[in-house]
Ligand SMILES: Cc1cc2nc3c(=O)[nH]c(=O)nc-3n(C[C@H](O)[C@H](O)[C@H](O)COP(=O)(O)O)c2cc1C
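Presented below, as structure tokens, is a lone chain in the form predicted alone.
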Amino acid sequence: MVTTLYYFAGTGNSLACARAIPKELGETDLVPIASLREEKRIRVPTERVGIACPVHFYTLPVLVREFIPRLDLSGVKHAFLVATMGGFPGLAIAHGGELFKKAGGELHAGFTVRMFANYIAEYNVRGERSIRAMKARTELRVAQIVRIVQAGERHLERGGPFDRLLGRAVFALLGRKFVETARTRDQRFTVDPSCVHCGTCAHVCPVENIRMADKSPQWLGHCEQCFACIHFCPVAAIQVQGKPTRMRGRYQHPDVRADDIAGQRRVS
């Protein structure tokens, strides 16, 4: 069965997962979600469809939350979701199921993949040893996911009763507000004098939310909070106002380059 796998990534974790899946699953078309953000209705051309994306504040990224209901799933027999995360998955899988229902279909399988935590607005990134362990762990996890998807099994990783209760609580406290304000949170981004005016931030943004003006980046208010601009800046010049990001590390998945993230603006 041919698979269409839609993906969204900022620092590369979800793209690395999306690339690993076809190696085990077989014929798979990788399609960047950002390239279809202007399409009102998207027909899925295969009988199996997947979504690979990160967890953002205990739910799915706003771009993905808006994308799934626009899918035409009339010919789909099996749908799955792979949510990469650094911490707590919250309601990502549950919300994915709700969104597939809005699209007139069903989410048959939902998986979480623990990868490198990199939301430096709240915490620091870890070292090289953690990255090596992550790559080995991801390889094993993808193999598990593919076995379940190939078998067409129903498998939704929503956690136990306590996890679901906690997910609802933290989403109500933090996630809901994040979803409502995510696009304009780029107002908190600042640029250090160390900026070398290279334009990498504007180049890498998967939704073209940055333009260079007087050799400095300006954010345009439709941000996806993927932090690609922050992590791919070669001199770590971009900071989050009110957060100690200047003292925190930066991260890109070792197998993903800036051009790969920027390439999400067009169909692969």
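Please read these numbers as outputs of a predicted model, since none were measured by experiment. Don't overthink the numbering: it's just position in the shown sequence, from 1.
There is another form of the same protein, the form predicted together with the ligand; it is not shown, and what comes next is about it.
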Requested in this report: Name the stretch: of 25-33, 38-46, 53-61, 66-74, exactly one has residues whose heavy atoms fall within 4.5 Å of the ligand in the model of the complex.
Outcome: 53-61
Query - Heavy atom of Phe111 within 4.5 Å of the ligand in the model of the complex - result: no
Report task. Spell out, yes or no, whether the shortest heavy atom distance between Asn118 and the ligand in the model of the complex is within 4.5 Å. Result -> yes
Query raised in the report: Does any heavy atom of Met85 come within 4.5 Å of a heavy atom of the ligand in the model of the complex?
Result: yes
Query raised in the report: Quick one: does Tyr123 come within 4.5 Å of the ligand in the model of the complex, counting heavy atoms only?
Result: yes
Query raised in the report: Since the partner is left out here, which residues of 225-261 would have a heavy atom within 4.5 Å of the ligand in the model of the complex?
Result: Gln225, Cys226, Phe227
